[in-house]
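Presented below, as structure tokens, is a lone chain in the form predicted alone.
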Amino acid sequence: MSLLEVRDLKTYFYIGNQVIKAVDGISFSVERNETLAIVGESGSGKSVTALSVMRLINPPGKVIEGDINYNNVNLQKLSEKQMCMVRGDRVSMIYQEPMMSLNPAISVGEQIREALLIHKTVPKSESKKRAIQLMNFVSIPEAQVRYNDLPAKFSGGMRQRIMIAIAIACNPDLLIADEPTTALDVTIQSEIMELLRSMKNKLNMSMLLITHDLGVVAENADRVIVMYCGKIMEEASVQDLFRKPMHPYTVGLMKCIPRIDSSVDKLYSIPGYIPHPSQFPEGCRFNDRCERATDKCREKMPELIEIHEGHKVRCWQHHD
């Protein structure tokens, strides 16, 4: 039994007379102790998928269809009070921008401690010790001294470490990391991803990693989902995806990666732009940017089919 199973998830936003199909009928699972990456351009529906799992979609957005089963419990059927006991305890999330998630007026130590006091029956004195231990665990220097510092006194990389400490405070089964290295320089990105790998292994967690960086995917994921315009375009193990990508969109993303052994003067870019979600093209949603599109691609949406074990693709031209 999978730790997390998402089936036919549809999350739409109703803005005026427009229906924005941000996530449009996707299904996937996350196994125990597995890292599943969801990759795609901005606007593909990756973050909305993560927020839907956490039941953090607010009006005008709404999950209109689908099941989200965690440990064989349908999260969609829980009351908000019951969901609050799951969220931050058994399922935790690291958000893109720490300063948007941390309270600027409360010390970082107290914010870590709060997660423990909400979800665990821990004495207040013990909770402070545990919060300091977590700060040490994520390599915050002089943790005992910096316990009372406000978030503004920390660098971007240190704030992200604090977010990780809050997320793992209750030893969750599933950690959702939504672009955890956004706006960090390359060296700090590497440190944060190394920290997440270490935490995952030490705590035996599963991880749902949301990213647009295929380098991060290659180093950290077991399986990969490629999303575009609210749909899953391809799903495979990380080895299969990098060895033999089947969808033209995946191929395009791969070609955008700079290579040290390449002599080209200009990096490849996928033609055109991701369409506005109220103006998705008919048929395959990638057809207006695809160099291999045919009339069939412009007329009818292909199904997501399994080509061989564990490797699925949504494309009429997959055989090529």
Partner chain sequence: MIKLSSIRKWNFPLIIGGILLFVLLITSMYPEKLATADPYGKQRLEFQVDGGKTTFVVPPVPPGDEYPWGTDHRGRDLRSLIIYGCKITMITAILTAIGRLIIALPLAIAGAYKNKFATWFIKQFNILFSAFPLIVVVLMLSNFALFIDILKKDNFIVVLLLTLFGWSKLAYVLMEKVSEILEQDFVEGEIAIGKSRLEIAVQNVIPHLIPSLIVFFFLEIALVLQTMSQIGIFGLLAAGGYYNADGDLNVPFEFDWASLLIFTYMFFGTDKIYLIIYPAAAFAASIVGFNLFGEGLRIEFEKRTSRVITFIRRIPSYVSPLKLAYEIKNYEQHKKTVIIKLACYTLVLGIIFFPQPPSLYKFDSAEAFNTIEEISGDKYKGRLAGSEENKALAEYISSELESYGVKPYDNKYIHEFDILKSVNVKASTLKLKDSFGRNKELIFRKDYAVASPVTFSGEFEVEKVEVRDLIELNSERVDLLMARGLHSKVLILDLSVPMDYRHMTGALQTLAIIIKPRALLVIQDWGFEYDAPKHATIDKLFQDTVVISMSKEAGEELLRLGEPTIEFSVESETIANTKGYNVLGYIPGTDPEYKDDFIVIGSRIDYVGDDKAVRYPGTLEAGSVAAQLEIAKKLAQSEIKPKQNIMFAFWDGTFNDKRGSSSFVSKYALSGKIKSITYFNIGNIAIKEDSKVLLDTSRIFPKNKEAQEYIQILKDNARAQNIDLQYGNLNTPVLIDMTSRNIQSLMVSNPEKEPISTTMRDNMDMLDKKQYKKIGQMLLDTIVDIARGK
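Positions refer to the first chain, counted from 1. Please read all numbers here as calculations on a predicted model, not as lab measurements.
There is also a form predicted in complex with the partner chain; it is not shown, and the following applies to it.
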Can you check 206-214, 179-187, 244-252, 98-106 and let me know which stretch has heavy atoms within 4.5 Å of the partner chain in the predicted bound form?
98-106
Taking 6, 53 and 172 together, does each of them reach the partner chain in the predicted bound form with some heavy atom inside 4.5 Å?
no
Contact with the partner chain in the predicted bound form for residue 88, defined as at least one heavy atom pair within 4.5 Å: yes or no?
yes
The partner chain contact in the predicted bound form: residue 222, any heavy atom under 4.5 Å
no
With a cut-off of 4.5 Å between heavy atoms, is residue 111 one of the residues that contacts the partner chain in the predicted bound form?
yes
Could you tell me if residue 119 has a non-hydrogen atom within 4.5 Å of the partner chain in the predicted bound form?
yes
Of 115, 140, 199, 192, the one that lies within 4.5 Å of the partner chain in the predicted bound form (heavy atoms)
115
Could you list the residues in 149-172 that come within 4.5 Å of the partner chain in the predicted bound form, counting only heavy atoms and keeping sequence order?
166
